[in-house]
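We begin with a single chain expressed as structure tokens, specifically the form predicted alone.
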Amino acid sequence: MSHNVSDHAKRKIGNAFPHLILIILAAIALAPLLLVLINSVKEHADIVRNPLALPTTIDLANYADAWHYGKFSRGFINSIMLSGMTILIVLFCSSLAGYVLAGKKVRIWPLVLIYFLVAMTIPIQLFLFPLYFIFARLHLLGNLIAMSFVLAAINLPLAVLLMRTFFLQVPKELEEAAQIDGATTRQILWNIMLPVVSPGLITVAVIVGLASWNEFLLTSTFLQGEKNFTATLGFLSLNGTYNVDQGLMMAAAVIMIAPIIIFFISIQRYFIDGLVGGSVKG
């Protein structure tokens, strides 16, 4: 009896240790966010005096000033448009490419896969000057649609590899049965395959969406003019002009972070299911 009690205690201790580690890591990750949130409702003088202290009064004027000076009303619209168009382009192209590569419908498919793997390792900085030259010659500077195609091209290699992995998990019998019933390739892909790999589509959409939303190097280079600024560029435009007001900067940071956190929390279950499903077979 004592032996069983001892084993049970050891198991509880063994299970508690990983949870303790996760709690510590979560606290380390959340502490800076909590500090930003606390300081966002404090005046600049209070932050300089003691950034770790709780606010004596809650001042929401920082949020109003940050929203106005950061031009977030226009910035969020531009970010949503840019991310949305990029996601649509990537999902369309990666779905077609992933379906073809998973079915080995192209003879040189191993070379194509190697090409996508190599493309993932090439830094975009190598193409910055040629791209700028092309954008300037075609008068596309400040064009959100043109920028979305560039971001889509950057994210496509990873998206294609992920979608191929998801298509590989679909039983071949499903596609063969549809072909016997006389379904066309478009009907098979649209009505049968895509609903089955919907977790993969969600995973790719989240990865591409977050990357597009947070993108800085390309958008700051090609989206010239304040009317074309994304939310990220609006926030960074405050740096150097209003960074003497730490309360305003903290409020602007909360405005930037909050939508991403809310969005990820709302779809985290689908995102995690997609990642787990896509890691089964490659």
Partner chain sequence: MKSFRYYILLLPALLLSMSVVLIPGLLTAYISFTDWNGVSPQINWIGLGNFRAIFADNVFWKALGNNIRWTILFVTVPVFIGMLSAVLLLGRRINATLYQLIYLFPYVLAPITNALLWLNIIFNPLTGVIGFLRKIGLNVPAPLGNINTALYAVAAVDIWHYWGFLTVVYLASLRQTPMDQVEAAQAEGANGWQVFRYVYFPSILPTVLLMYVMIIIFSFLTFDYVYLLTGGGPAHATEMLSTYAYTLGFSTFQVGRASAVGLVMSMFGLIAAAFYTWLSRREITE
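Note that the structure is predicted; figures quoted are calculated from it, not measured. Numbering follows the first chain given and starts at 1. The term rigid core refers to the most C-alpha atoms you can superpose between the two forms while keeping them within 1.5 Å.
Although it is not shown, the form predicted together with the partner chain is what the next lines describe.
With a 4.5 Å cutoff on heavy atoms, Leu236 counts as touching the partner chain in the predicted bound form. The partner chain in the predicted bound form is not approached by Val208, whose heavy atoms all lie more than 4.5 angstroms from it. Remark: Leu30 counts among the residues lining the partner chain in the predicted bound form, judged by a heavy atom distance of 4.5 Å or less. Taking the partner from the other structure, the partner chain in the predicted bound form has a heavy atom within 4.5 Å of a heavy atom of Leu217. Along 49 to 78, residues Arg49, Asn50, Pro51, Leu52 each place a heavy atom within 4.5 Å of the partner chain in the predicted bound form.
Once the cores line up, the CA of Ile21 ends up 2 angstroms or more apart between this form and the one not shown.
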